[in-house]
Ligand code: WTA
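The chain that follows stands alone, in the form predicted on its own, written as structure tokens.
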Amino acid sequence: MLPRGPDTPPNSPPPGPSEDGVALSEAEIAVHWREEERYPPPPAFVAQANLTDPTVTERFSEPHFPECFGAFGELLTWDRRWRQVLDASNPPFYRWFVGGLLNASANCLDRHLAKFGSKPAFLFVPEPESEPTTALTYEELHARVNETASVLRTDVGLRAGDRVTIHLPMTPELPVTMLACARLGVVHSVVFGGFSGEAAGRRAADSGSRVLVTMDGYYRNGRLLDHRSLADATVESARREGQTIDTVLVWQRHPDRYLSASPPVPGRDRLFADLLRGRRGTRVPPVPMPAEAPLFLMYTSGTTGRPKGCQHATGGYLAYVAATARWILDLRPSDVYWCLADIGWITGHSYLVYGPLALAATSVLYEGVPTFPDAGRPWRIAERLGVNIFHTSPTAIRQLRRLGPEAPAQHRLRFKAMTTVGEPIEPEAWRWYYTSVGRGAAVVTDTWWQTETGGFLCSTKPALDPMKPGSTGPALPGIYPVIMDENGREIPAGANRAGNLCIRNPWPGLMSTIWGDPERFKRIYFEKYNRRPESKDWRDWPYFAGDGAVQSADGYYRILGRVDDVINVAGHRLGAKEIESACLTVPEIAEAAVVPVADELRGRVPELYVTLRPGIVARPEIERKVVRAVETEIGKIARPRAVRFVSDMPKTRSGKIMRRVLAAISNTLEVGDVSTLANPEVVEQIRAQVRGASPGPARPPPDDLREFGTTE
């Protein structure tokens, strides 16, 4: 049985046997990682870095908590200064910078105009290479945000505290709409553009949005997608949940024409182009908001249960992303920075919109997929625009390595810093990123954090700490992690045992609550290790992250993935990411995904799906090399039942491999709805390959396979 996820009330399951016969706590994942070599930060980077003070960790240590975080608040401009850094009197509902008033839009725009008004805030790169890149200066972005805020206030009647659902692609209209909402104190809820109308509608209903902002169409993977057509399903889905969306505001991808085959619905749909005609030059004063007022909702969920609306507060969140962008990304106004994440995810919110804009940086905003029309596209863009800070996910790194391993060498890349985010990165992929993309001259920060945390929690401090492939590094200053076993006992550094990663203290970026469901917030994230529910001391309320991790003797954390992604083989709890990483040590392998398969004797056994690098043909010798790599890196207990060579993996629109689908195929289960995948056609190809042309009747999955590998 796979361990329960963080949305399950905590119960302690019986421990299983370990490899040496000693009882193993259910929280403890068997660890077979070898220690990797360490890479010092390049001297040229250190010489110019934002954070070079070696006493920073001490200054943010527990004796100085929480006042140390006042330094984060000092990075912002306040309408009224806070009177208390942290009110922790009602844990786990923490309030940061209490008494302070500020506006997020003003902090990202207005305060920069005098010095940086003519500097680009965004460089918008359309996916079609025939379309030119557009520079949107801080003055121009400020004007567009004000005009849009005027429409939202005057034509739609939105006021502070109202909620708006935004279902937009990666075009400038997305940050414009977010900042216009923030200017009015309206809470925005951005839904990833690749989600279905039904998913958007459920989120709109949960947040109580009566306004939907969408777009007629956009370009992705070489196709013009009709996005407006999803709005009808969004409205209907919300209606079924009891929420009426009475206004749909439609941006146009090209101002001179309407791209959607779905005409505007009279009385409900309104084109921004029509509403903005009388708004040119309009100025809307930013509304001062209490620091603890919600800035946005970001929904996160698996495939079951209603979505969780993570509510992030204005002051604490903005201060945290500004400080961590400055320290970890090494951002400053003179940089040209490119974060490849979609703004529909928390990375795009924190480190493409709010963090960089709060620091007056210039960011690249790219509409499409990084591998269109080929894997050299990111490097062409980076070379042409002079990007010197690059930020992407291990998924994208693996794709680019697979499809164009030599492509970076064909361009003059000048990266001083590179970041990876979203999931653990395998050492082999890390080394390609460092050597082929960064040329060994750029520092790499491998960050760990979550939607719920608002910003980075673990990472090397880029000018102070050596890099170690596959390890995220130590905790950030002011963050106090602990690894716990199932009974709440701390697993010490260097013990070579993994467990559940928790954070002992609150921090400014932590979500305030789950929208409309504070008890669920408390139950999911804090009940598991809270032994004194009546306590008012934050030390009794550790945050349960739901990720497995191991801490090496040097204090670096290695994230093993979600505790749901653990395969229990005859009582041995094996981390999926560890098995996949072993596969990538085989030079011919580009991507790997491991899934659990039911086995009469051992309960579950791993099964591997792999894709090959370009020009490589599947043959038995490669399969034998993969099996040997797994046995060598981990042990015979992890030997896969089968190695499946596939042309591609089923992936979400954000590029993540849907292991749930692969697990369903391997176990002859229902795969569920795959229509929203980026490549739904590959599912039937894999199913025919694994099961044969006639798959036979599918059966519903057992509980322990239902959620495996699911993530939005």
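Only a predicted model underlies this, so the values are computations on that prediction, with no experimental measurement involved. All residue numbers refer to positions in the sequence shown, first residue = 1.
The discussion below concerns the form predicted together with the named molecule, not included here.
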message: Looking at heavy atoms inside 4.5 Å, which stretch does the named molecule contact in the predicted bound form, given the options 443 to 451, 175 to 183, 279 to 287, 626 to 634?
response: 443 to 451
statement: As a check of understanding, the residue in Pro294, Pro542, Gly478, Pro424 with any heavy atom within 4.5 Å of the named molecule in the predicted bound form should be identified as Pro424
query: Of Thr324, Ser237, Ser363, Thr347, which one comes within 4.5 Å of the named molecule in the predicted bound form, counting heavy atoms only?
result: Thr347
task: Could you confirm whether Leu331 comes within 4.5 Å of the named molecule in the predicted bound form, counting heavy atoms only?
output: no
- prompt: For Asp547, is any heavy atom within 4.5 Å of the named molecule in the predicted bound form, or not?
  reply: yes
Any non-hydrogen atom of His112 within 4.5 angstroms of the named molecule in the predicted bound form: no
message: Would you classify Thr585 as touching the named molecule in the predicted bound form, given a 4.5 Å non-hydrogen atom cut-off?
response: no
